[in-house]
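Form predicted on its own, single chain, as structure tokens, below.
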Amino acid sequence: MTAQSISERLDAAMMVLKTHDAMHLADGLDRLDEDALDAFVQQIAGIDFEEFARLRETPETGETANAKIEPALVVPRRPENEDAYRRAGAEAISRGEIAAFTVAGGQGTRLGWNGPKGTFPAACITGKPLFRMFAEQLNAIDAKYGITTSWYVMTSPLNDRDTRAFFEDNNWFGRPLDSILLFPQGVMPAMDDDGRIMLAEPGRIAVSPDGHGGSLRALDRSGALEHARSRGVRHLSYFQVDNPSVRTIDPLFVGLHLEHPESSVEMSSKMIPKANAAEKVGVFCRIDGRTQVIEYSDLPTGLAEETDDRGRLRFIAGSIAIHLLSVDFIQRLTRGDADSGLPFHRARKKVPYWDSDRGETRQPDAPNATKFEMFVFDALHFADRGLVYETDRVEEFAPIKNATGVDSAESSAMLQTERAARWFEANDVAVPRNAEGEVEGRIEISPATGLESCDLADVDLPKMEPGQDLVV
């Protein structure tokens, strides 16, 4: 690229900044070389200044303040006509109508892992990384149904390059290249207390990912929705990268989504019963008759602790970030006007900023900025009816979020082993347990061996000795 072309593009960027009263973002540009100037121009071109202005002038309001809040209607784990729903889901899968969608924008920093979270070794014995665990499930699904399942993976600007390199280094886990599409999520500029976009350093605007709700418009903007349509995909199975026990595509859940009377065939979700009132998961509720999720921090304490006549929590339906969304529904949310899409939420954060007076980037001691992000579960508000299906914590929710304690690699490994043990026992194979009922040893079941306990009926399962590790 020539110096003149950069100069022309920089002049155009300056006009944009002047139009939107944002010339402070040009501070320190005289320090930059040609490559840095080009990166700055590209960043300016990627910012929707009009959207930012709307958000700045429209404070977030508490929509539930005066609303009628009730527990969500939940489809039980063993619904009536379960076999019929399972068959309907299996038929849709065999037609190639269901694709997997993994939200994988996070880094493994909190886990002490230097790389994208999807590369973290998560399998309880073999240490297979999360991405491989999902890929092997999809390979098993393809073998079972005679199809090639499409797989969409949303990265972030921070980990996109490393994620692509990991897939390439692992030969795309044996999956056809044309069936996988990786794309980064969008970002939003941070806002200072004067309502201005913040500068992190000369030539670099302070931005952050636009939240897991941004995954929907990233699907549209990346061309993933059109890719899905071209392959006959009608629904996406959404899950986050940190849950190694997730069922990437579940035939029963698909069947309920497609045919249950409570479903609008737009968006359906899975829930688990909360362990206690204080568990930090969002809660499915009905707000003025519509299914929505209220964040655990926003649900009034009186409601969070309310119990029924059996002493069971009334607001017990915990969200585990597993959804089915139709391609048509996602397109409607992402291509309508500003009032028909997901709302942005505000979060106060500490954001490093460029101090032009001192000529340095400063690290704040306290929150100094507002970040904007969207939540995917807000899409439920726009669905005609949002089906919520109860599943089991051990079966489908063993997240790895923390280095130690709850939701750590250690707790996830224990849950993975417990699930495998239950599958063994469901097929009349004894598993050694201690006095507290804990498995004495570890078990890891490959997706090629079975995707659920019933798949093990024809498998010659080995006998397990106390303290033994088994991989089957």
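A residue's number is simply how far along the shown sequence it sits, counting from 1. Take the two forms, find the largest set of C-alpha atoms that superpose within 1.5 Å, and that set is the rigid core. Note that the structure is a prediction, hence the values are computed from the model and not measured.
Another form, the form predicted in complex with uridine 5'-triphosphate (UTP), is not on view; read the next lines as being about it.
Hey, of 176 to 184, 84 to 92, 279 to 287, 207 to 215, which bit sits against uridine 5'-triphosphate (UTP) in the predicted bound form at 4.5 Å between non-hydrogen atoms?
One stretch meets the cut-off, namely 207 to 215.
Within 4.5 Å, heavy atoms only: does K401 come near uridine 5'-triphosphate (UTP) in the predicted bound form?
So K401 counts as contacting uridine 5'-triphosphate (UTP).
Heavy atom to heavy atom, is S222 within 4.5 Å of uridine 5'-triphosphate (UTP) in the predicted bound form?
Output for S222 is no: heavy atoms all beyond 4.5 Å of uridine 5'-triphosphate (UTP).
D242: heavy atom within 4.5 Å of uridine 5'-triphosphate (UTP) in the predicted bound form?
Result yes; D242 sits at the interface with uridine 5'-triphosphate (UTP) in the predicted bound form.
Against uridine 5'-triphosphate (UTP) in the predicted bound form, would S326 count as a contact residue? Criterion: heavy atoms within 4.5 Å.
Contact check for S326: no, nothing within 4.5 Å of uridine 5'-triphosphate (UTP) in the predicted bound form.
Given that uridine 5'-triphosphate (UTP) is left out here, which of L199, L380, V103, L138 has a heavy atom within 4.5 Å of it in the predicted bound form?
Going through each option in turn, the one that passes is V103.
Heavy atom within 4.5 Å of uridine 5'-triphosphate (UTP) in the predicted bound form: which of A122, I98, M154, M267 fits that? Just give me the one.
Checked against the cut-off, the match is M154.
For R87, is the CA shift between the shown form and the other one at least 2 Å following rigid-core superposition?
No, shifts by less than 2 Å.
Align on the rigid core first; then say whether the Cα of R164 has moved by at least 2 Å between the shown form and the other one.
Superposed on the core, R164 moves its C-alpha less than 2 Å between the shown form and the other one.
Is K280 one of the residues whose C-alpha moves 2 Å or more between the shown form and the other one after the core fit?
No; that C-alpha moves by less than 2 Å between the shown form and the other one.
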